[in-house]
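So this first bit is one chain, no partners, the form predicted alone, shown in structure tokens.
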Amino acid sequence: MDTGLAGKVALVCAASRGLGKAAALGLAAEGAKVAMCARHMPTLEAAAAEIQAETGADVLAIGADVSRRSDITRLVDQTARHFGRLDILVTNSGGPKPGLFGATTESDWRDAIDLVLLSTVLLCMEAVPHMRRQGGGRIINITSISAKQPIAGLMLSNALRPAVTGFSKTLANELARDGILVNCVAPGYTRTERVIELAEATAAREGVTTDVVERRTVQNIPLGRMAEPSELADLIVFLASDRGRYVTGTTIPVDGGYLRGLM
């Protein structure tokens, strides 16, 4: 299938591991030039070198913390200057810390807002002018199934992922005439470092082993297993491609049937 991604430029955030790394690899494998960002430069450079070796794509590693405004401005500017354009933005960040409402502080809330919501807003602010100048683009925001169905013990994520979803839907309507499509992808339980960390936190809180937590989680997934990061990346590649040219303003779960709602 010709995706039309050859020669396109993608910026993928939080790409040193997990879902971000899988998305960067998927786009690079289709011929896109990829800028990858993360906070920990050695891990990021290793991931970029791995993807470049595997795909032969032009890959740029940029150290950046997306919870900082100055880093976001530098990140988008450096990407556009290095490659000469920006076609695809994949927003992503490490999740906010888990915990119940009584365990969160005002500082926790402010940090989570900066990390999850404002990072998405500011990345779009910086990227959209580049896309407008070239007549179109794609924005794909990685959120979570918690945007549609709250997950116990994730107060901060449950509050802020839906905020990103509302922002994305509104932005999609505003940018449609510019040829810029905006969508969210909502991963369910996927075998990433983040999900392992959450399982460990739940196990510690309940006084059980992580194996018990994982078995209980998988029992609630109709497909009977967790997703692999590449399965989310496949959807991101489709939405970024010419094949996804009539899809905008939506949130698509990749959850093995975990969500119980109709929409």
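Residue numbers here begin at 1 and follow the sequence given. Keep in mind that what you see is a predicted model, and the values were worked out from it rather than measured.
The form predicted in complex with a small molecule is left out here; the points below concern that form.
In the model of the complex, the small molecule sits within 4.5 Å of a heavy atom of Asp65. In the model of the complex, the small molecule sits within 4.5 Å of a heavy atom of Val195. Using a 4.5 angstroms threshold between heavy atoms, Ala112 stays clear of the small molecule in the model of the complex. Of the heavy atoms in Phe83, none are within 4.5 Å of the small molecule in the model of the complex.
Listed residues Leu25, Val9, Ala14, Leu239 were compared with the small molecule in the model of the complex; Ala14 is the one with a heavy atom within 4.5 Å. Figure note: of the listed segments 102 to 110, 164 to 172, 85 to 93, 122 to 130, the one touching the small molecule in the model of the complex, with heavy atoms no more than 4.5 Å away, is 85 to 93.
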